[in-house]
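Taking the form predicted on its own, here's one chain by itself in structure tokens.
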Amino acid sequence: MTRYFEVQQRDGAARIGKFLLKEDIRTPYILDTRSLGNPESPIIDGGSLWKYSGFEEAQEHLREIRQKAGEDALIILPHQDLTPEAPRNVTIKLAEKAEGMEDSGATGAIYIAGQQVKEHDLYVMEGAGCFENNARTFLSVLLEMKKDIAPDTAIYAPNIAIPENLAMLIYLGIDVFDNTKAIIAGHNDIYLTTAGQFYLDSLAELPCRCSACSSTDLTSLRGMDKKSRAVILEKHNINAMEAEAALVRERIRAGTLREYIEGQCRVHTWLTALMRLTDSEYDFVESQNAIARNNTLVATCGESQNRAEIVRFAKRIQERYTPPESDILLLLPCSARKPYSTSNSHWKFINALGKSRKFVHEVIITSPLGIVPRELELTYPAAHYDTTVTGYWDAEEREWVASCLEDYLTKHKYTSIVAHVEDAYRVICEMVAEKLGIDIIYTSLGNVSSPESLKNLSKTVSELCTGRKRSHEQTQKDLMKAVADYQFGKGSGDILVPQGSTVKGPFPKHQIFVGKKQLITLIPQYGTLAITIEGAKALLGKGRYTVKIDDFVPRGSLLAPGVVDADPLIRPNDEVIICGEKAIAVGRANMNGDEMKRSIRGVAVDLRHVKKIE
């Protein structure tokens, strides 16, 4: 927990924060290593305990630093550093000794795995620079650290950041860096860029127009004495880091940092490995990722299908989704335009189905999402992704999509399965049909949109649907139930779309009413539901997506200190129910459930409706 640091914006684990010190510091922040010993600096290193004869002398030195710096400076407590290979029991013993120091202002401390964590505003990832090029060890240490410390505590990784790796390190949730490596590189004639490191004598021109580079040219720079040249290179290297940090902050604000690092990580193999290993830590990554975003999810590489948002979508279809009561399944290809039903190809499919459409269950086959039931085509990320279209699906894509379809058909049985597909889509259907020993009727005659294929689709489905009856309102209810189950868990659809309820509003702005009481509204922007107070009361019994507060009536926003407990299933942007002795409310989460419980700063929930309990 922290008194002087507040997270203000998130994009997955990456975040923009603010230190409330003698000068406001925005994170991600690059501090000047040379300023750490200056009492005028907002962040000060208390130094090493090795140089003191005893604990009392170190404590007195800390008091002197605090007196000079003031309460509004952050002091990293004096520490006894050892290499990461040192025996754990020794490092813990030394760390506990340092933690015994007393200070009244903002503090930081060296993190030691296994040590009892106290309340500091910043924790230092000890020996971070030793883990460069060792992705597995680096990630392991960082995740252990994040598990132990409070989520609203800043993390400082010293002696590791350079322009090429900064975006990835921020993506993992590190807040503070230093310019150590940038300075050293400058004194070794190394020119740093986001595209990698270059020795000065290997360059044909200066590929930068920052203030340092525009003040000279390559010939003049090479002709300078080493000290003068180091000044220019050092300034450029630091400028390159600051520019990258600014760009990453903009990416966080836009919610597109993942798209950026998928390209940026290719600069170095250890960064690519770091991204892939991070994706394998699904629980950590998924818990940080918003349930929905405003921006397009751009999938351009193989790693895109491992994104938490995509894997979560597939998992929820497997675990939470219940298809409508129909024994005829129609498999369709995806379209470039989203939602699919607004595309030219899907309009042709819909028109071909005609009156038979309400009797069949439509499922769209797509990469990288796997499968998308028609009821969930609005729900993020189904209506919000864009991917590279070449007509070629690699083996991993086919295997992933086939596994999603196989899992679905294993759990949900149909009397008849019709596939109006071609090319890779048909290959996938044939793979699954052969593995499961099921029959699939193929209706496309070479081109899914040709008049002949559409006529065959219409004829085949019409014959299968003979003698069936189903109302249009039931189809609308199926959509709302499916979204409710996806969003709040299996069974939620039956609670929020109960027997006797009515659907109001045109697609995609459906509302569910019971009598005159509205329970939910479909939000087209995200394809998720907004619940009313009445809907919250109905859903409260499931105990999911609830935030418990004390005996007060919240207004406007619910701050983290007001949270007593929160469902660990809650993700940023989730619709949540706030309940306490004096009020019930609904709103959108700004952080996940774990952060709500463990943080003492920041807005936990943006409230939409609040009702006082009399």
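Residue numbers run from 1 along the displayed sequence. All values derive from a computational prediction rather than experimental measurement.
Here the subject shifts to the form predicted together with another copy of the chain, a form of this protein not shown in this document.
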{"item": "Another copy of the chain contact at residue 474 in the model of the complex, heavy atom, 4.5 Å", "value": "no"}
{"item": "Non-hydrogen atom contact residue 341 with another copy of the chain in the model of the complex at 4.5 angstroms", "value": "no"}
{"item": "4.5 angstroms heavy atom contact with another copy of the chain in the model of the complex for residue 263", "value": "yes"}
{"item": "Contact test in the model of the complex: residue 68 vs another copy of the chain, heavy atoms, 4.5 Å", "value": "no"}
{"item": "Partner-contacting position among 403, 502, 462, 193 - heavy atom within 4.5 Å of another copy of the chain in the model of the complex", "value": "193"}
{"item": "The unique member of 232, 206, 73, 155 whose heavy atoms fall within 4.5 Å of another copy of the chain in the model of the complex", "value": "206"}
{"item": "Interface segment, criterion being heavy atoms within 4.5 Å of another copy of the chain in the model of the complex, picked from 532 to 540, 389 to 397, 342 to 350, 462 to 470", "value": "389 to 397"}
{"item": "Three-residue site 455, 458 and 511 fully in contact with another copy of the chain in the model of the complex at 4.5 Å by heavy atom", "value": "no"}
{"item": "Partner contacts for 222 to 246, taking another copy of the chain in the model of the complex and a 4.5 Å heavy atom cut-off", "value": "239, 242, 243, 246"}
